[in-house]
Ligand SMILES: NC(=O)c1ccc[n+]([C@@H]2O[C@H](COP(=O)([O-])OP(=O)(O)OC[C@H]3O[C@@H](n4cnc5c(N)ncnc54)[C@H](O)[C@@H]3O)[C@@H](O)[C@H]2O)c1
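One chain is shown next in structure tokens, namely the form predicted alone.
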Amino acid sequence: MNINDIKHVMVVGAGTMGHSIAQVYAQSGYDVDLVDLKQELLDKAKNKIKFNLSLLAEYQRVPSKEIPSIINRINLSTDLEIIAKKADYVVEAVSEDRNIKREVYSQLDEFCSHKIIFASNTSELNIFNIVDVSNPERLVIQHWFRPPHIIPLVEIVAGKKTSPEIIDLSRNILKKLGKTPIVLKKFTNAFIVNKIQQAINSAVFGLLLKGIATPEEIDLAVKTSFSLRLPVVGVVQNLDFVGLDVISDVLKNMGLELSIIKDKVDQGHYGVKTSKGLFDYSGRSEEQILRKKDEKYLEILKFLEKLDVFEPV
């Protein structure tokens, strides 16, 4: 299938993620069929889409004059069979319930062309082991983040039988939507972001259960520390700023040794201080790198202080 062959997109599930995903496709000019079991859910979805577009227009993300045409490109339906037969591309965004997903894919496999891509928005489940479709080469995970009409990232995860062409098409169509697709090299539970968030949640639960700090104090600590760094240096590049030699010593104190760190240290690649670590800084001096990083920190801090985001929403 070629990206230009995709004209009609079907989104199955009009809930928290589905209605917003449908909106994103419609914003990019696609005719979208949003399907759910109950008309009342679809009516709520339409109202949410109108609200989303109105807010985006306030922030110049969508021209106000285009909102009516975007909404008109979204057709609401409770008839999966009829819509499936005319769809060129399917996005599944139903509940994270194994049985529900099995039933939905059983119907999709029956009603849809066997050339159509099935893109699941699952965030946890190994959809490739759960559902049975006649052509598994076309099944792929495209994991969006809430709210999909704002957050850029979409994680693309392939199954063992997913074809490379489907991965390439997934990446290209998401880029066309203005998203930032990242293709995982292999399947892992929770993928990238949720895996990191789970580790954070585990630490948070421990702090709360032991009475070490209040919820407000924990969030304030995070907001006024590493959350400022994340948009600039992420979680991996930050290791280069700490210094891989320092990280290596910390790991040794914990009784750990990681080859990905040790190998770099053994080569004399400590990170920013040597212009090479997990990232390559192309020979720039430590002062040059630190200045660029700190300038961005200061801009973010000024912006966040202006928004008064350090207090709970």
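Predicted model, so just to flag it, every value in this text is computed and none were measured. All residue numbers are counted from 1 along the displayed sequence.
Although not depicted, the form predicted in complex with the named molecule is the subject of the following passage.
Colleague: How about N121 - does it come within 4.5 Å of the named molecule in the predicted complex, if we only consider non-hydrogen atoms?
Modeller: Within the cut-off, so yes.
Colleague: Is there a non-hydrogen atom of M17 within 4.5 angstroms of a non-hydrogen atom of the named molecule in the predicted complex?
Modeller: Yes, M17 sits close enough to the named molecule in the predicted complex that at least one of its heavy atoms falls within 4.5 Å.
Colleague: Taking the named molecule as it sits in the predicted complex, is H143 in contact with it (heavy atom to heavy atom, 4.5 Å or less)?
Modeller: Heavy-atom contact with the named molecule at 4.5 Å: present for H143.
Colleague: Does the named molecule get within 4.5 angstroms of any non-hydrogen atom of V12 in the predicted complex?
Modeller: Answer yes; at least one heavy atom of V12 falls within 4.5 Å of the named molecule in the predicted complex.
Colleague: Can you check 93-101, 207-215, 162-170, 222-230 and let me know which stretch has heavy atoms within 4.5 Å of the named molecule in the predicted complex?
Modeller: Result of the contact check: 93-101.
Colleague: Of L278, V265, L56, L41, which one comes within 4.5 Å of the named molecule in the predicted complex, counting heavy atoms only?
Modeller: By the 4.5 Å heavy-atom cutoff, the listed residue in contact is L41.
Colleague: From first to last in sequence, which residues of 262-292 have any non-hydrogen atom within 4.5 angstroms of the named molecule in the predicted complex?
Modeller: Going through 262-292 in order - heavy atoms within 4.5 Å of the named molecule in the predicted complex - there are no hits.
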